[in-house]
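Only one chain is shown below, in structure tokens, and it's the form predicted alone.
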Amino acid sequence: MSEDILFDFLHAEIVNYCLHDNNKENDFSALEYIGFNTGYRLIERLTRDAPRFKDELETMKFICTDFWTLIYKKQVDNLRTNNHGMYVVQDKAFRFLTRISTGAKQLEHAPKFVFFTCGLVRGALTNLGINSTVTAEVQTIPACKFHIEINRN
């Protein structure tokens, strides 16, 4: 339990440092980059002894169950795909948004709390050999949708 609180405080301070201390109020690239590096390293440790995934869908299911559980202590609420390289991961009680009150002003500031996770997922997928673009959408607090588009170059 105490490590969960420490993780939440660390995340809040990373957001604060990246956005306010560097005078980059709308530049989320540093947050995404920190998440990317973290996800890249975490997935390496998590899959060290696991067999290779047979396809892209199996990899995404692993991200939504085991990987998400490791970080957020719960699985995602919903995974959808169009079977053409687009996945939507929905978390109805996203950890970094659960302590934010609801309202228009809070909804405006919510995106800065999801960019770390966008990078986290993109880094994990990159290490697993899947090049992707990850974006997030917050329509109501604390729910969040992550859109994962697989780049097939």
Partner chain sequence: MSRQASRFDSKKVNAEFLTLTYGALVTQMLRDFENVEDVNKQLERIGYNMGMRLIEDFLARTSAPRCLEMRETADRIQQAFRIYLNVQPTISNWSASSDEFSLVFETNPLTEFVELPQDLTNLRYSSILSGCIRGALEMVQLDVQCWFVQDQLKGDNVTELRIKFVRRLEDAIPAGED
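The structure displayed is predicted, hence computed values, not measured ones. Numbering follows the first chain given and starts at 1.
Form predicted together with its partner chain: not shown, discussed below.
**Q** In the model of the complex, do 42, 45 and 70 all reach within 4.5 Å of its partner chain through at least one heavy atom apiece?
**A** Per the other structure, all of 42, 45 and 70 touch its partner chain.
**Q** Given that the partner is absent here, does residue 75 sit within 4.5 Å of its partner chain in the model of the complex, heavy atoms only?
**A** Judged by the heavy-atom cut-off of 4.5 Å, residue 75 is in contact with its partner chain in the model of the complex.
**Q** Decide whether residue 90 counts as a contact residue for its partner chain in the model of the complex under a heavy atom distance cut-off of 4.5 Å.
**A** Close contact is absent here: in the model of the complex, residue 90 is far from its partner chain, nothing within 4.5 Å, heavy atoms only.
**Q** Is there a heavy atom of residue 126 lying 4.5 Å or less from a heavy atom of its partner chain in the model of the complex?
**A** Contact check for residue 126: no, nothing within 4.5 Å of its partner chain in the model of the complex.
**Q** Find out whether any non-hydrogen atom of residue 143 is located within 4.5 angstroms of its partner chain in the model of the complex, and reply yes or no.
**A** Residue 143: no contact with its partner chain in the model of the complex.
**Q** Determine the residues of 46-71 with a heavy atom within 4.5 Å of its partner chain in the model of the complex and present them in sequence order; the list may be empty.
**A** Heavy-atom contacts within 4.5 Å come from 46, 50, 51, 53, 58, 62, 65, 66, 70, 71.
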